[in-house]
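Below you'll find only one chain, the form predicted on its own, shown as structure tokens.
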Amino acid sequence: MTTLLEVRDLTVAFVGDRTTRAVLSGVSLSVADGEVLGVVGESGSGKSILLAAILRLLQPPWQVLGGQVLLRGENLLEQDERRLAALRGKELALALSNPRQHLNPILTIGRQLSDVIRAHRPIPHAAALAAAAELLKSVNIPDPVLRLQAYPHELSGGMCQRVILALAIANAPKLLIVDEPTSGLDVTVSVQILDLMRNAVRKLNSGLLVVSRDLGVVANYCERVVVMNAGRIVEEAEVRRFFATPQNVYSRKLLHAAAAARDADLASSGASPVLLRTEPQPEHPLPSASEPLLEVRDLMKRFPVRDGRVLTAVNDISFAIGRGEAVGLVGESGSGKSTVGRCVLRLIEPTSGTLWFKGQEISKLAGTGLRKLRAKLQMVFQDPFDSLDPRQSLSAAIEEPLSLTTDMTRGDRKARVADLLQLVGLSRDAASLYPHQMSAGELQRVGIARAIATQPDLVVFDEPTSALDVSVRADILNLLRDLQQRLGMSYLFISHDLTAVRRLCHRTAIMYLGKLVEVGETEELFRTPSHPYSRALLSSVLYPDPAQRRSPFLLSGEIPSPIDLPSGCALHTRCPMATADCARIEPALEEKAPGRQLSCINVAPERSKTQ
């Protein structure tokens, strides 16, 4: 293979009025024709600055102080804007995450694609639109001609990411650079996007540079890996060798953190980062069966939308959580997970159904009764920066629920705050700090401290690890397991991070379009999923181990709109097992094996299988 891109001793600095601070120091890497190179590292390691420098997109105060960026031997750092404009999109292209931020909201998809095509090919507008339709078809967007007339807000997140990919490959670039390609996408959609990217570069014989925090993406899609830390490359290796025997201490730290999300035990010495093969289950046993702490019965939540239509977010679901039990609630975006959590906490009112807590119906509680209940039902939100008041000190944030729900004196509240900070692994000195002075992982610990301040019986976690780096994510999961074991709380853990659910939860409930489709003990469900949606969801998990290949059981298309639900089984429009009966029969959630409930007419009860 010939070298396509070569970066030599690249140094980039932040140049201020008084100081100059290096953010990249002597970075060197290369990508060959047809090769897939992964660049990994935590937030702040310099990955995005590297991409911007390669594409010559850095703006002051960022400045390249030295080095070369060679594309087929041509130094991009020495080219003028006219030459760069000719190269960008044609010879090298960039596909970014968060597609809605990068698509023009006032132009149709067809216009945006045709503009990119005509920037490098002087063809008529009609011919460019025809080529655009073929591009949309190549990235598996249904009804491509119709989608040309759509605006970005009319497409789902997965479809918008497909459009970003179509824009990037529109002129058959020799090098495709993708930055966090699966950020914000559900696992089923992520795998489809990654497969499309890999197939596109194979077809074009292009090089692919993948920047990601997700070691599972690198393990399953890359051939070589470069590890960045603090603006430097600390290791470069072939993927299988890297995951088997990494050489750098930081690399081993990343792999241990990734393994922590999957495995029950970790080697404490740090000498070998080999991913352990122990079964990932909560370390403390599930309490013996007794009266449930929380019961949700026939919960329904609908939201009115325009034109008199109704969005059904939660569609007649029932489940229970025992004392000391952690239950995971998983599913794609739009499945209704977060709405369930908010209904349980009475942050929003259910349309119908009942909620029972410690044997008491709480669906109609109001006033003083509801305020007292708040002390026993708490929540930890997804984004720690958004969930804390930037004008409040951390001490005030943690103390607030105590002042609202208890009769503790000010001195007792301050002492309790200090104890809580230590309990979640923070220094007592952090009490006087403000949110902007803390990292994301530290702020999430503050959110946990605030949630457990009132000694709740149940804590609802809504995507608590999705905004965190892999090593921080592992620390938070370890903290949650430790707190549950020590304090005996119950958890409703809402997440699309399936490795986190497998690590933490005793039982798992899987949702699709507002309905529960399968419920069972976590390890059994992960090992032998029965419902087609569960099989597709779990087969899409990318484990940080190139030797552990996923089983291909994929859904077609994307999740339908909850405003216009399909008839019969809501999955039948995407399911590879669907029959004619699936379009007319709405399956009920029923027990088809001991401890396993699911809703599918094509899965027979266990007793039928043994007859």
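This is a predicted model, so every value here is computed, not measured. Residue numbers here begin at 1 and follow the sequence given.
Only in words, not in the display: the form predicted together with a small molecule, which the text now covers.
Next item on the list: Mind telling me which stretch in 333-341, 164-172, 242-250, 500-508 gets its heavy atoms within 4.5 Å of the small molecule in the model of the complex?
Entry: It is 333-341 that comes within 4.5 Å of the partner.
Check: Does the small molecule come within 4.5 Å of a heavy atom in each of 463, 496 and 562 in the model of the complex?
Finding: Yes, the whole trio is in contact, each within 4.5 Å by some heavy atom.
Notebook entry, point to check: From the list 430, 448, 193, 313, which entry has a heavy atom within 4.5 Å of the small molecule in the model of the complex?
Noted result: In short, 313.
Checklist line | Distance check, residue 385 to the small molecule in the model of the complex, heavy atom within 4.5 Å | finding: No - in the model of the complex, heavy atoms of residue 385 and the small molecule never come within 4.5 Å of each other.
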